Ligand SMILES: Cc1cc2nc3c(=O)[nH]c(=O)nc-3n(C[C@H](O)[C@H](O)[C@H](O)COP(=O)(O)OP(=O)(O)OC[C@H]3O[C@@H](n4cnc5c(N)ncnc54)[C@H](O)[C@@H]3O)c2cc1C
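Here's a solo chain for you in structure tokens, the form predicted alone.
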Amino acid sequence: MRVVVIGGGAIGAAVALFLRREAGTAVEVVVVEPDPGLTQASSGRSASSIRQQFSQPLNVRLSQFGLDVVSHATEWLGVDGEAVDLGLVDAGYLFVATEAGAPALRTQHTAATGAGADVSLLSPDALAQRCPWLRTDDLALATLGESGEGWFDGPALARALARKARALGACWHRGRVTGFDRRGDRLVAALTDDGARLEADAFVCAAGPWSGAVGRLAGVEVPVHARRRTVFVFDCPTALPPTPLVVDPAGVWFRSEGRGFIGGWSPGPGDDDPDDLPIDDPDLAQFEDRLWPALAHRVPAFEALRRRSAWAGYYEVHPLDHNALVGPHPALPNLVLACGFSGHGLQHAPATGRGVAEWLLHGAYRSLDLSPLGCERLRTGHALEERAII
């Protein structure tokens, strides 16, 4: 069996790794990636966080396997006995809600704890005791991940997945897919900008925010597009203790990072961008217009915060329900999608790679059933809505 994986970020590398881990030399894997350093990819520009607080139990379980890989990186990703340290900081996520948002937060808490996540439900008084630096007088409820949530070195995870995949025999082809040889309802070969013709039995679209363009090359719709988000690095003159990643009802988030903090605005429909936008273009106006007022309201000490720097990256958004598309395309059975993660792809890469490999090799999911993320939603429009989008 021969598989061509389009996209060498964390998702594509994880697919390649698990294909070779499961089948060895019985499967030939070629990963096509035009930017081996992932300078433009979401994997290289993520805030690199991991959480179990989702409204869909399947997303909780995807994160749990991701956490296992990140926590035991040497066991999963080590090559030639070398240790792999992904710098996991187990500091938790803190979701806070006003009265309007409290019912949804309770539902999210039920979904997470029902799937085994260690999450506490906090009243405003209890929250004020845990986090005295936080304004709580306008809040009705909070949830705090007590373990198994935090952040890590995301680019290092993507590199480690690729290095392990190569060690297992997967090959990388530096190039960009510019077309396909299609025969009826099957793809026969991917054509690249360096003149290569890569024939395969199956093709995996793990191209992140460029997945829609890959679909158009194959003659099908893949409703995944780029949504730019800017991450800001800032300092606070007032010393604060290390914080969890705080998700505010105003649509902003922040967390400790070294001697300072990082934070951003959860991008919405107005932040959509064309696929070819130069990514080195952070939206600095967001800091004054959106981020700083909300942060200063939630943390009084942030009234005097100072912006230090910023970077931009893409979310690969599937707008139907903000959940990934995983599985064969309904119009092209040998084009398997693994895209549209809408901001949580890095933490879900290991479980997605494992699942796609199982489906390709065995025709079924064996470890975790990913069929609710299936691409039949493209035909039916049936949504699997994830409400905990950051």
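Numbering starts at 1 and runs along the sequence shown. It should be emphasised that the depicted structure is a prediction, and the values quoted were computed from it without experimental measurement.
There is also a form predicted in complex with this ligand; it is not shown, and the following applies to it.
This chain appears without its partner; in the predicted complex, the one residue of V356, L62, V32, V70 with a heavy atom within 4.5 Å of this ligand is V32. A heavy atom within 4.5 Å of this ligand in the predicted complex is found for exactly one of F254, W210, F302, F203: W210. In the predicted complex, this ligand stays beyond 4.5 Å of every heavy atom belonging to L168. Though the partner is left out of this view, Q56 does not reach within 4.5 Å of this ligand in the predicted complex, counting heavy atoms only.
Taking the partner from the other structure, this ligand in the predicted complex has a heavy atom within 4.5 Å of a heavy atom of S46.
A residue is said to contact a partner when one of its heavy atoms sits within 4.5 Å of a partner heavy atom; V3 fails this definition for this ligand in the predicted complex, lying far away. Residues of just one listed stretch (356 to 364, 22 to 30, 336 to 344, 322 to 330) have heavy atoms within 4.5 Å of this ligand in the predicted complex: 336 to 344.
Contacts to this ligand in the predicted complex (heavy atom within 4.5 Å) from stretch 149 to 167: none.
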